[in-house]
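Take a look at this one chain, the form predicted alone, written out in structure tokens.
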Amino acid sequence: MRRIGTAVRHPFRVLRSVLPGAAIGLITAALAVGVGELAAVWSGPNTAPAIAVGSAAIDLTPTPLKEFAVRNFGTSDKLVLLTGIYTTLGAIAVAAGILAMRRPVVGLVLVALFGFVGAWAALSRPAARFGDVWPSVLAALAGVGAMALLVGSAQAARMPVPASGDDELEAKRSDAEALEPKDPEAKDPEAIQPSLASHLPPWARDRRGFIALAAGTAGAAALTGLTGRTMVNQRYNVALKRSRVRIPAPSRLAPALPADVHPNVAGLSSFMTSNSDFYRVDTALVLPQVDPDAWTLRIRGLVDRPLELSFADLLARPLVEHDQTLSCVSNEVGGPYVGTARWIGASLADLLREAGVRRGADQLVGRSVDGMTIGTPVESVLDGRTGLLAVAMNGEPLPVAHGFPCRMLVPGFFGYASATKWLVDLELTTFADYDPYWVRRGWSRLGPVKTASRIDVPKPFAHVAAGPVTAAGVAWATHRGIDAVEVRCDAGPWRLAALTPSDSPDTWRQWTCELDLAAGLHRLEVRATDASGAVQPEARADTFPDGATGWHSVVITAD
């Protein structure tokens, strides 16, 4: 129990006094979110208030916290963020509803602030339009209206009101008095706020009317939310158009994979990573749905002849098939954010030569449809490596999650410096004149892939039979290639692993090493040497600002 002045407040009475306000706040928030979802049918999925706020939150999140999210939640980081946003919104809504029962203006202002924050977040996006604010504005108006009606009905029905610190009279009211039926037409100035209740119909001025009004508002919230989300998914889903895309046969095929490019070792990663298993790390809370029929790519900036291509124009160009391992700068030592795929696309270097790169242009900035910017050295695009405007991945049109209808790929760089997804714009500029998205957040201006290796088999903490044991894994140094992989056990001498034949310098190589382990606990370590002779360093470094370093190790038990 809690004492207020000379009165004793029972916990049940305190809880009962805040429940109506908490319910009003949650119902109001649900309706606001639902109306915002419905309005986003016309302005686009990224303009729904929660999505807009989440996208702005990603941009404002400090780099260490972003890395923590990627490291601990992986591809579920966006789900965790949205869950946090909705949980925070729910908590604020509960507080607003409770406050509104005593101070209606305060509650209504909090609801209006929800709309203001959503509108600001929508306008903060790089590709924002003024119309993007409407889902948040309409959501706030719906929320303010719903809260005014529900609070007015609750007060007219003499629902319990939360006590303030000096409200001794309220503290002394008995449960029986609080539950006593009241005349809905009564004009008790301490219980009724005429500005909120005077326009309510008679049926909404008692407890039954309040419950009916609350239930109806909750139903409207569910209806608008589900309808809005369903219509957004239908209107902006490009799955059908993607299924109709036919990728022309490449004019230049990738070499056939060597027959023994993948050792037959259970648990070893596939040489080619399937589209469904390929990692995804980006900032898009909602996958951009880009209509290939309306898609265009501009090539502009420091060029002699600006170009604009449609998707049909891009498919009509000579296409190149190329195998490439792609890795993320957020990949920790031994981490999963690396994969190999067979890509098909138009030559990026050929397009830049057609546009005519002007002297002094040293940075190629790719822009995504959602405003993401990624910068790549121009000299690396034009030095003979196979940079692509990719339209296909592993024999099918790019999955939406991996950039449909077009993404950029330049071997030798981490994805944050070479692999713009949902690409719509290429600008030739200079590093001195423009900092792309990740550079503005402290990451290295250049992002060359570091020499790395990983033990796939045995798994960490595995139990294996004592005696002969096969260790296996992958190593990569994209565009340089791997020349050697070494393995050691319990800090003993390094042993050369058996490497599979190289597909190309742009793909990883798989390795195996036969060990003879005595019973007990063992620590296995691996290191790679790339084709330039550089050995993977032992010193551990974090992923920020230019990629992790260190030897991968696993601890296992031989029984």
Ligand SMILES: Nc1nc2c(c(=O)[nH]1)N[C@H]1C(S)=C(S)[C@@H](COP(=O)(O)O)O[C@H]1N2
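For every residue, the number given is its place in the sequence shown, counted from 1. No experiment lies behind these values; they were computed from the predicted model shown.
This next part talks about the form predicted in complex with the named molecule, which is not shown.
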>> For the named molecule, considered in the predicted complex: do all three of T283, M372 and H402 come within 4.5 Å of it, counting heavy atoms only?
In response: yes
>> Which residue, W422, W476, F210, F114, is the contact with the named molecule in the predicted complex, using a 4.5 Å heavy atom cutoff?
In response: W422
> Tell me, which of W134, Y279, F271, Y236 has a heavy atom within 4.5 angstroms of the named molecule in the predicted complex?
Replying inline: Y279
>> To test your reading of this chain, name the stretch in 402-410, 218-226, 354-362, 138-146 whose heavy atoms come within 4.5 Å of the named molecule in the predicted complex.
In response: 402-410
>> I'd like to check something about A93: if you look in the predicted complex, is any of its heavy atoms closer than or equal to 4.5 Å to a heavy atom of the named molecule?
In response: no
> Does the named molecule come within 4.5 Å of any heavy atom of L326 in the predicted complex?
Replying inline: yes
> Might Q155 be said to contact the named molecule in the predicted complex, defining contact as any heavy atom within 4.5 Å?
Replying inline: no
> Hey, in the predicted complex, is S368 touching the named molecule, heavy atoms inside 4.5 Å?
Replying inline: yes
